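In structure tokens, the next block holds one chain alone, the form predicted alone.
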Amino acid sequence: MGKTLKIISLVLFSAVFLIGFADEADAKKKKKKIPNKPKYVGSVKCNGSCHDPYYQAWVDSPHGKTFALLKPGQRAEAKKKAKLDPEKDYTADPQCLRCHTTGYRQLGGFKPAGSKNKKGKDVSTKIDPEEPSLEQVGCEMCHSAAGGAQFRVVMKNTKGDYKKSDTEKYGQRWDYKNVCTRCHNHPKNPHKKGKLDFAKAKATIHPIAKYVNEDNADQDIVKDGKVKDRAKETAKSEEKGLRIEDWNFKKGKLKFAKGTRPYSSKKKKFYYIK
């Protein structure tokens, strides 16, 4: 009898050990590896299980409709004031795509219709009217220096419980007031509107209250307390601000001016305003 109990105990212990080991292995397996380089991935990646109410609010915001403004007949008065032809199609114009899309001329960023790789394959960004992504001014244009491929993995692996410094080292930027000047107050912006009212503009980006429902209520990150905790922290980009890119146009292509980009892919380094 005693021998039988020992055998049963050993079997139960082994089973518990194996289950525990399997759970630990599953936990490690679920954690995704952080990519080697920052890359633009599009706003749809922020939707779904993470930021659905924010994504839905963004879709209805001015930023979620910027690409459509480049089509003929759209915003005719604004185009006339900027000395642009209101009947012209600007959806492939590099002078407009920089500020009307996400990550144009950068790794993973928007590619206009007709874009081909060296082998002649069509690599243009697929546009889905139901789920806008890179073809608008998306999340990464305001929240990242060079795309969110890396820090979004940190967010997922920690289930949103991270410090500002944890994502900032992968290119998340917290200098929102500064980053708006990337386009709105940039010298090459043909739409001269004067100084941007940041507080007023911010209120139009994520008015999420009416987009929270039973299915996505758990994704209201303001209510979970983690955002309030991070608000007590001060990120390096809040103190100094990251560089704002300048660019030139050569032979119909946009090229970023040397020494103005906030991130160097060669040096894997971020640059702050001195």
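Because the structure is a prediction, the values reported are computed rather than measured. Note that residue numbering begins at 1 and tracks the sequence as displayed.
Note that the form predicted together with a small molecule isn't included here; everything after this is about it.
Contact check at 4.5 Å (heavy atoms) against the small molecule in the predicted bound form: all three of 179, 186 and 204 pass.
Using a 4.5 angstroms threshold between heavy atoms, residue 190 counts as touching the small molecule in the predicted bound form. In the predicted bound form, residue 139 approaches the small molecule with a heavy atom inside 4.5 Å. Residue contact check for residue 196: one or more of its heavy atoms lie within 4.5 Å of the small molecule in the predicted bound form. Using a 4.5 angstroms limit between non-hydrogen atoms, residue 62 touches the small molecule in the predicted bound form. Just one listed stretch, out of 108 to 116, 168 to 176, 122 to 130, 146 to 154, contacts the small molecule in the predicted bound form at the 4.5 Å heavy atom level, and that stretch is 168 to 176.
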